[in-house]
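One chain follows as structure tokens, the form predicted alone.
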């Protein structure tokens, strides 16, 4: 590979100018083993920052970098694209520029001063001490005859502090956990002091705690000006953390832009050949993707479901249940509430009260009649106060009841002891589920209801 590069590092030590995009691919195609893996990839990552991210950073003052997620089905070419970005693979045609430099026209060492890579696997063959592994990140900045400088040591210590691995410094890397090794590998990449960081499935094989810690760390680095490009398998994590997404399918870019644009139901159907419902997460507000079982269709799911929510907590459930084919009712909800709008979009039979008004006797009676008519009643992870407490009291009479819990009730109870008493009745009577379990549990209960 290095034999295909010129020996000179000229122009690579100053990787960015103000007018240069961080990473730009122009009509890039790559073949491996005689098979075309990437075809005509063109994207300017410097222009992919979403409008939402620009707003959060005060209109885009130039201090923040961009966190770009590569998503797509297995075999779509995500890893090949990352290897082409860092110069490990030479494209059949097209160019890759980092900071204005053609990454395949500079030496391997110069390319490693532009782009650092965190590999997918965290396994390490040799039992190097953690500090020694991080020190390897300084290789691109040193010649064969250079001694270890104060700048090298400072870069290593800074990288270890940033990734919170100082306490592991003298331990063999083979004796630490997978999540700790992931942070060590990121520290090695940070020690390279590159403006662009590539990560191949950084959350693979990690538990949820280490997944969040890893992506929070990358997000912090982006806040300091790093451009990060990460292949991410979990669409919901990608939507929550990334400023922009690139959806790759069959070796081509199917869509690129902010998560709301890229994660559309039609794009997911085209890329993954799967049905999914796209909504907003009621707690984070991020785009949220719920995959539907392949058997879900209006011909498969029968029955009526009443949904109690508010403040956007039931929007995802409404979309999922509607896509699965259930007839829906919802409420009581205030006019203008996010869930009221979601209910209208899916054609649910909706009970409403005026904006900011409590659920009155007429609305409560309407909810009770819909609960009685429903085969299953679903109570979302809603915040409860005196104004909407009648919704829960009506739901308590349901024959088949499902409670979706994402937060402890104590964190969303504003109705005091009355709220606790009603919710305990619901918990004793109903099935408590996580959002991912909703569709399957409702299906089981609907079958039982028909059996009765």
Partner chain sequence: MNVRTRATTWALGLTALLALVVVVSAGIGHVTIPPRTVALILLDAIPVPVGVSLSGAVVLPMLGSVPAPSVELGSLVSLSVPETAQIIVVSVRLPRILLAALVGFALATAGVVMQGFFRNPMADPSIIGVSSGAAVGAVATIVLGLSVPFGLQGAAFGSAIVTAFVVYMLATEGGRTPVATLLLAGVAVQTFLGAVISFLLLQSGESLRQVVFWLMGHLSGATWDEVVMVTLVLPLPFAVLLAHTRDLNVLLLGEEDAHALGIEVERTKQLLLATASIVTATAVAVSGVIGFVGLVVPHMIRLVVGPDHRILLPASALAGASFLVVTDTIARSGAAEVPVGVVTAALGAPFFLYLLRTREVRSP
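Just so we're clear, the structure is a prediction, and the values are computed from it rather than from any experiment. Numbering follows the first chain given and starts at 1.
Just so it is clear, the following notes concern the form predicted together with the partner chain, a form of the same protein that is not shown.
- This chain is displayed without the partner chain, yet in the predicted bound form the stretch 187-195 from 305-313, 69-77, 187-195, 230-238 comes within 4.5 Å of it by heavy atoms.
- When contacts are judged by a 4.5 Å heavy atom cut-off, residue 350 does not count as touching the partner chain in the predicted bound form.
- Contact check for residue 325: every heavy atom lies farther than 4.5 Å from the partner chain in the predicted bound form.
- Proximity of residue 224 to the partner chain in the predicted bound form: non-hydrogen atoms within 4.5 Å are absent; the residue sits far from the partner.
- Although the partner is absent here, residue 361 is not a contact residue: none of its heavy atoms lies within 4.5 angstroms of the partner chain in the predicted bound form.
- Proximity to the partner chain in the predicted bound form holds for none of 259, 281 and 290, with the criterion being a heavy atom within 4.5 Å.
- Exactly one listed residue, out of 319, 83, 181, 213, brings a non-hydrogen atom to within 4.5 Å of the partner chain in the predicted bound form: 83.
- Exactly one listed residue, out of 251, 140, 99, 91, brings a non-hydrogen atom to within 4.5 Å of the partner chain in the predicted bound form: 140.
- In the predicted bound form, the partner chain lies beyond 4.5 angstroms of every heavy atom of every residue of 345-365.
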